[in-house]
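Take a look at this single chain, the form predicted on its own, given in structure tokens.
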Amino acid sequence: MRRSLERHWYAYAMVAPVVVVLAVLVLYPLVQGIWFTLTDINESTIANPVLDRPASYSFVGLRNYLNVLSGDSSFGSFWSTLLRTIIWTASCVVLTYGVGLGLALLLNRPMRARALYRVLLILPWAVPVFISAFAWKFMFNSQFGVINQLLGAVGLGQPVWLGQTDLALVAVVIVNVWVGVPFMMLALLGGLQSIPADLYEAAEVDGATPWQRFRDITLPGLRSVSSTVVLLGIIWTFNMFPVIYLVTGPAANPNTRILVTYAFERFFSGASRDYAVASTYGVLILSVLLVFATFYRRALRRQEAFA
């Protein structure tokens, strides 16, 4: 350690500020959140310097985890909310990847004004999320929204998209796909451009069909990029709070409730804000993602080993 410090002291000095910032902004809140899960802390028991009120919460051990994992509706019906979160995440990631891959394949072909098309397709990513969310919220309006106006013009029904039905979940999935497609398209387009053109030419000479070239050259060539963007997409979508909150509004909608939005509800809503249960949901979300990421990376390594 001493030799390493003497030889690489400059590198350690450059990295030290980043480590300090991460420790303050990430590590300390994480440790504090884990501690809160072991207590009964809420708005009435937390310390309040303004009211000169000391903290009065107590240690309860794993009671919060047992209450949440029991599936009790008073604690958010964890398992049904987890299932809805998985459905939300899978739908968004599959659609985002599929649409992004299709657009990347189109933009990878020689065409006129290809640069213009790239800029136009990147716009949803460049626009702030809250602007996109509010625009889509207006378009989904049951009375004045352009979507229902178009449906009515072709003789179809005009549903209440953002009401207390499963259509609300469909609506937020559409918005999240709109927001996420540009990143997926750019990442996959970069992967497509890294595949040697000689492989396609050789396959075409050998009489391979377009589908065979896509299956045997394009998809294997995108494996490393796809594995990364899919993992990132799953993590981002699993924790995607802004889109759901901005589109459906601050009022809790059980049809669009996922784990992270329920944690927000318990932390900031209600007569007595339950910081302990909200922190428990946060730790469980982190645990689910860590377990998934671990098995996901192992499965990819195993697949690469047999490839």
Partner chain sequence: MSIVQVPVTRIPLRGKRSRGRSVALHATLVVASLIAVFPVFWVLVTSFKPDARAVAPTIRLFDESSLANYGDVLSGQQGDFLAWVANSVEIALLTTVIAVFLSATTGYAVSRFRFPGSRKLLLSFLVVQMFPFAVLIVPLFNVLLTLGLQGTSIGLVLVYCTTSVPFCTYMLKGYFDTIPGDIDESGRVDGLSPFGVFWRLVLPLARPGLAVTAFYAFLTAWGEVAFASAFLSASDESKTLAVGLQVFVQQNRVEWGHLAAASILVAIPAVAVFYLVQRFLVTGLAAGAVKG
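Rigid core (definition): largest C-alpha set, two forms, superposition within 1.5 Å. Positions refer to the first chain, counted from 1. Keep in mind that what you see is a predicted model, and the values were worked out from it rather than measured.
Same protein, other form: the form predicted together with the partner chain, not shown, and the subject of what follows.
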Counting non-hydrogen atoms within 4.5 angstroms of the partner chain in the predicted complex, say which of 170, 95, 86, 139 makes the cut.
139
Candidate spot 47, 146 and 239, all three touching the partner chain in the predicted complex (heavy atom, 4.5 Å):
yes
Residue 220 within 4.5 Å of the partner chain in the predicted complex, heavy atoms:
no
Give a yes or no for residue 251: in the predicted complex, does one of its heavy atoms lie within 4.5 Å of a heavy atom belonging to the partner chain?
yes
Under a 4.5 Å heavy atom criterion, is residue 256 part of the interface with the partner chain in the predicted complex?
no
Is residue 206 close to the partner chain in the predicted complex, meaning a heavy atom pair under 4.5 Å apart or at it?
no
When the partner chain is considered in the predicted complex, the residues of 109-139 having a heavy atom within 4.5 Å of it are 109, 110, 111, 112, 114, 117, 118, 119, 120, 121, 122, 123, 124, 125, 126, 127, 128, 130, 131, 134, 135, 136, 137, 138, 139
How about residue 295 - superposed on the rigid core, does its CA move between this form and the one not shown by 2 Å or more?
no
